[in-house]
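This document opens with one chain alone, in structure tokens, the form predicted alone.
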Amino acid sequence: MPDRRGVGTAVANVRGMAGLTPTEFVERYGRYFNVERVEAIAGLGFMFVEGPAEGVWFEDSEGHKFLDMWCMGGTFSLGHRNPVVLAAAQDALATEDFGSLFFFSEDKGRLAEKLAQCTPGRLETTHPTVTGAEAIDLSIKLARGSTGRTEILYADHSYHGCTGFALSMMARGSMRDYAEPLVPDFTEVCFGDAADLASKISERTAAVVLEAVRTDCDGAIPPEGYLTEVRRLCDETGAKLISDEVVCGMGRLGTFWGCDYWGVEPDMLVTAKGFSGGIYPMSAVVTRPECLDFFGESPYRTISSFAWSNVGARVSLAALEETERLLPRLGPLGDRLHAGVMSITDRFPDLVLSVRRAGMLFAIDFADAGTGLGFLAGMFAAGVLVVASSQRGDVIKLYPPLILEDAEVDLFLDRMESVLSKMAPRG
């Protein structure tokens, strides 16, 4: 049994809930969450006991307020407890339950119809799943089934989830190494390098799996024309192009989907996170009809017990419609935030090296990992949540809520400037 004697000390000075401090929380519940993990989180200064959440704000259980500029990678892109999405859930729960994966309903039909309408080109057929990783796994199975091939090409430093097929595309390191050997026949390509892809794609390639922007690692934006060339190479070899829209979709890049940002139609589109409005676990794979030619007479070849309840269908339909309504404001909003971030970071060249932006996704390159993580901790102490790359501590990312208002932009910029000023070398 692990030794738990140091856990309370590790979190003694971190915020917690009234009547149950972080120390008391860990002493009471810590062993149920893996003591080593709890201690590691506390060591990062990131021990947080959740309280209420509303709009762009959330609180810890003592009532300390935080401006959410992470949004769980886009899960809360419409804000916490978005009133439109929440009302859809409440209305559904008043008359419906989960339903059955074997049955159809008008709720499910309306959601599938909406997905066909708002996704590009010939994407039409929807496959319900629960999580982004599950949807990625399904898309790979569909690619292998429809092509009769096995090889999957994916970008270096990717993050597509932690399940079986998805984990085989994980960036090398602690998140995947412990589970080796992984599913075979996955080959890495250099993100944004069309020549490298051309040298590796062939008639044995089932699919190429890409994000429109490499979100987890560094927010890298591929060169103009890259996704168009990927589409051409897939057409030339008969491989399927799978667009991972778990983060890049639902308005994150200022367009409905990341593939819209580049004007490219994939063979399959995977959506999750913001697809549920942060209210209900929902994800989906939307495909061109020909991706299903192999299904034949086996309609239940792929099923998921908790995929697409009637309640969830109404929640996601509301999230799609609300995202569509917000799209026109995202360009000006992103421009305003970008101008402010650049104005501030230009004054701290010893701390900040560069800033990348694609729509409403920002990546800030700091001088080194210590500086990046110091900024993360400083913003947390100032009541703003941003996030570091899981692969690089020198890259801090912003996933602003799509409902952000000018006053909240100003507040974020004020606190960012204050934190950087405190970090700047004196003299």
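Quick caveat, the model's predicted, so the values are computed rather than measured. A residue's number is simply how far along the shown sequence it sits, counting from 1.
As for the form predicted in complex with a small molecule, it is not shown, yet the points below apply to it.
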Taking 161, 215 and 246 as a possible spot, do all three reach the small molecule in the predicted bound form with a heavy atom inside 4.5 Å? yes
Just to confirm the contact call: exactly one of 222-230, 322-330, 305-313, 238-246 touches the small molecule in the predicted bound form at a 4.5 Å heavy atom cutoff, so which is it? 238-246
Any non-hydrogen atom of residue 273 within 4.5 angstroms of the small molecule in the predicted bound form: yes
In the predicted bound form, residue 211 touching the small molecule (heavy atom, 4.5 Å): yes
Could you confirm whether residue 131 comes within 4.5 Å of the small molecule in the predicted bound form, counting heavy atoms only? yes
